Each structure stands twice: as C-alpha cells, then as structure tokens.
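Starting off, we have a lone chain in the form predicted on its own, written out as structure tokens.
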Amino acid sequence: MLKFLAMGGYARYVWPCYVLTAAVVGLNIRWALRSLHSARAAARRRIAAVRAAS
C-alpha cells in the first residue's frame, strides 16, 4: 500500500493534483447549488408578483 501511495516517487506531484481537482469539483457543485437556489427563489418571487397583480 505504501508503494502505491508513493506513486513511484511522484507522490509530491500527483496527490496535490488530486486534492486540487477534488476542491475545484466540490466548489463547482457548491456554486451550482447556490445558483439553483437563487434561481428558484427568484422564480417564486416572480410567480407571486404575477398572482398578486391578477
């Protein structure tokens, strides 16, 4: 197992890339969910405004 984790001497380059990739993917998911919630809230406000106007 330690041999695998050492990545043939390239671990110092490989593991930070994995961590950076995971962080970017995680942030992308977080920002997408935040945008989705914001869009849903805006849609609810528009629907409420249309219902109130009629």
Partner chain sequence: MAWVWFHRFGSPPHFYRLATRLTPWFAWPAALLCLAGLIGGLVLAPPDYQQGDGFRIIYVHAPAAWLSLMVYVVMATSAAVGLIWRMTVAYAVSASCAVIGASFTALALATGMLWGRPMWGTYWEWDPRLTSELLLLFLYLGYLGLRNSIDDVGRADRASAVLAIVGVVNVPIIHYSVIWWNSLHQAPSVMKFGRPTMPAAMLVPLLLMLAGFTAYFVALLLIRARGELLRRERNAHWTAEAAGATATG
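Positions refer to the first chain, counted from 1. Remember, it's a predicted structure, so these values are computed and weren't measured experimentally.
In what follows, reference is made to the form predicted in complex with the partner chain, a form of this protein that is not presented.
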Notebook entry, point to check: Though only this chain appears here, would residue 47 touch the partner chain in the model of the complex if you measure heavy atom gaps against 4.5 Å?
Noted result: yes
Check: Along 28-50, which positions have a non-hydrogen atom within 4.5 Å of the partner chain in the model of the complex?
Finding: 28, 29, 31, 32, 33, 35, 36, 38, 39, 40, 43, 44, 46, 47
